[in-house]
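First, one chain by itself: the form predicted on its own, in structure tokens.
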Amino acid sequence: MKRFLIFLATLLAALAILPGAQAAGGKLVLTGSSTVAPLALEIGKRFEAMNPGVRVDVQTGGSSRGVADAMNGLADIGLVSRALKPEETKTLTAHTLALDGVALIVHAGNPVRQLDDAQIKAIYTGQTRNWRAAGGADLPITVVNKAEGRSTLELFLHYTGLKNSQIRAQAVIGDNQQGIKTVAGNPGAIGYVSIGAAEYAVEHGVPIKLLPMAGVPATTGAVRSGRFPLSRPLNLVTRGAPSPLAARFIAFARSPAVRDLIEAQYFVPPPR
């Protein structure tokens, strides 16, 4: 029954959202957030299958790139894993694709089950350097931070009240997969990544675990309920009115036809 409903939703999207699209070719360039990119890629594949001759090119580089490329006309659609800033809304329009959260992750073998906000700050500023001080094993802490231009960094700094110059990191990473791989390979590491990406990794046997934030479990369920403190929209952004092809893609990406793709990557479909 579920497969039939997905098929029916896809068929309706093809009929209602994409009139005449099968006869039209074209290319769409999407750039930006590494959190949004894997989902955009899967949506793009389904869109291409329904629209022979259309190509969807998805590139990463961070939310800052997504904003800049959309603003400067280098991309048809920017991929941005945060809300637009007030000054950006003067030029860009956000189309929310899904919801996600940002959570702390540690190695699955780390006995620490939670950290309060004061402990998080102490670890990231270098005041706490050994897990023993946080109730863990006698093991040096490897702080993993995000590179400049990543929306996860902005959200983490906003939540903790820290400046990036205050963080004492032993590793600086770019996308979520790099962060997950770094923590999974180091029993003393701590980092922060997309909840969706982390839950997907855990489901596929990667040895990491998500820590709660402010006592709230780091789960897609907590994001869906609005309880998780580090939640964010995953946006497709355009400058001015999108081209007809970009408009059709955005409508398709926000339709029930791709809900299964959103949930398969542990993101939360936005309320309609």
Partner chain sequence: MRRSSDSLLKPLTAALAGISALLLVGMLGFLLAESWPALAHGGWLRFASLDWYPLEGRFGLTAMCIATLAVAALATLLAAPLGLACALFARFQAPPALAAGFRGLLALMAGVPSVVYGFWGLTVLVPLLARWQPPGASLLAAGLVLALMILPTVALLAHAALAAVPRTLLDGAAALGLSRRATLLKVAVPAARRGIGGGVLLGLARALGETMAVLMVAGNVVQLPASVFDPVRVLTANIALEMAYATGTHRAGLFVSGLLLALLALGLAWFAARLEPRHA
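Keep in mind the model is a prediction, meaning the values are calculated, not measured. Positions refer to the first chain, counted from 1.
Beyond what is shown, the protein has a form predicted in complex with the partner chain; the following relates to that form.
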{"item": "Among the candidates 142, 93, 160, 119, the residue which, in the model of the complex, approaches the partner chain to within 4.5 Å (heavy atoms)", "value": "142"}
{"item": "Answer option from 84, 202, 155, 172, heavy atom within 4.5 Å of the partner chain in the model of the complex", "value": "172"}
{"item": "Answer range among 84 to 92, 119 to 127, 98 to 106, 147 to 155 for contact with the partner chain, defined in the model of the complex as heavy atoms within 4.5 Å", "value": "147 to 155"}
{"item": "Heavy atom of each of 164, 178 and 181 within 4.5 Å of the partner chain in the model of the complex", "value": "yes"}
{"item": "Touches the partner chain in the model of the complex: residue 60 (any heavy atom, 4.5 Å)", "value": "yes"}
{"item": "Any non-hydrogen atom of residue 135 within 4.5 angstroms of the partner chain in the model of the complex", "value": "no"}
{"item": "In the model of the complex, residue 111 touching the partner chain (heavy atom, 4.5 Å)", "value": "no"}
{"item": "Residue 51: touches the partner chain in the model of the complex, heavy atom cutoff 4.5 angstroms", "value": "no"}
